[in-house]
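So this first bit is one chain, no partners, the form predicted on its own, shown in structure tokens.
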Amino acid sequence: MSYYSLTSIPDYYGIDALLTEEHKLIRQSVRDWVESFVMPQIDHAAQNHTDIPNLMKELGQIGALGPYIPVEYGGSGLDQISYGLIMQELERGDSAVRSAASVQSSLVMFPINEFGSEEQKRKYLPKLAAGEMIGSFGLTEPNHGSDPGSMETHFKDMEDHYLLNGAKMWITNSPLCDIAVVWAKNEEGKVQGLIVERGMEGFTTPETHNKWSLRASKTGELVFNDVKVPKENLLPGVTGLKGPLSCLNSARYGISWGVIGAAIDCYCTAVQYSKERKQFGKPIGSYQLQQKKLAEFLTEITKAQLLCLQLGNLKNDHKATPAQISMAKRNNVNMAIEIARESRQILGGMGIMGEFPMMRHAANLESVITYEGTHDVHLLITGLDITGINAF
């Protein structure tokens, strides 16, 4: 259970009035699940560098995997604000939980739904939505992170199949995945997506160990050594970087909402602690420096909530630009990591203990501020949108 009452979760500008009853019901159901399932075991998982058992099937049961995927393919057919609220509640529990749902939803189910054949949609999406099948997304390589266009992973047409070679790294769910949506270059040097299945000869997924961040999440590599991929596993609907980048836009949108949850968890904990902890004969919340921190936390959370709500409206209307999504991802992740760090100081020495979430969130957010486009790259995306000049 959380250290604070859930009724203290901030809505300083009355944003709830702009949500539908369905939005609020979805948020509450995920919030309740996080309290009952994630909170009791997240510290143990993070401290011991283990994932939460049965997480993906649990996420499937609450409808958190591909919630915007059409009902006919196993999704819930929800809107983008619903998706954002789900990500917010999951990341209040832990970034690793949100990452698992985000990868499955935005990086695996999204491209299959958008660019896959009818056969691919019916084969994979229902099982992915239920958490019966776990997916991963292969774009980042050992030598190519912010520059995916220089990827080296490639495949050749062998007439009756494709032959795939290369490697991807920093892959969430890699050691657990049943399938991987892999982006590679064809013989003409154009990027295309392939669905690689566990058990294909030459496909291995070594785990990445000794992480200080996202310790409740399995991370690894995707290695392809002369992997024979059936031709029907090629995503037919897209060629070029538009494919993987559109997936990243969906994931970045979810992250923008998700990190608000991490910030809220830190803020609410800090508020409660500041009222209970006494020094020099009175609660530390009575001191100006502590109130300054808390007031700034609430201000930044409120700004982030408003940013995401309007971005969600734009997404629902298919008007959100990649640059707008970049701005929200960069702003909100930076907001959350600063709140995690500063709220840890309010708790003093207790802030480093597992009973409180600050250090865990701060460590997790060091990954979130880097993946799906680094903090600095998103700044340059905004700069390009302002000036029309590419500074990469």
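Note that the coordinates shown come from a computational prediction; the quantities given were computed from them, not determined experimentally. Counting begins at 1, following the sequence as shown.
Although it is not shown, the form predicted in complex with a small molecule is what the next lines describe.
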**Report entry** Location of the small molecule contact in the predicted complex, chosen stretch of 76 to 84, 300 to 308, 96 to 104, 156 to 164 [non-hydrogen atom, 4.5 Å]
**Finding:** 96 to 104
Report task. May I ask whether 113, 198 and 237 each come within 4.5 Å of the small molecule in the predicted complex, counting any non-hydrogen atom? Result -> no
Report task. Please run the contact check for residue 122 against the small molecule in the predicted complex: heavy atoms, 4.5 angstroms, yes or no? Result -> no
Query - Contact test in the predicted complex: residue 19 vs the small molecule, heavy atoms, 4.5 Å - result: no
Query raised in the report: Should residue 130 be counted as a contact of the small molecule in the predicted complex, where contact means heavy atoms within 4.5 Å?
Result: no
Query raised in the report: Quick one: does residue 377 come within 4.5 Å of the small molecule in the predicted complex, counting heavy atoms only?
Result: yes
Query raised in the report: Only one of 256, 172, 269, 233 has a non-hydrogen atom within 4.5 angstroms of the small molecule in the predicted complex; which is it?
Result: 172
Query raised in the report: From the list 274, 192, 205, 246, which entry has a heavy atom within 4.5 Å of the small molecule in the predicted complex?
Result: 246
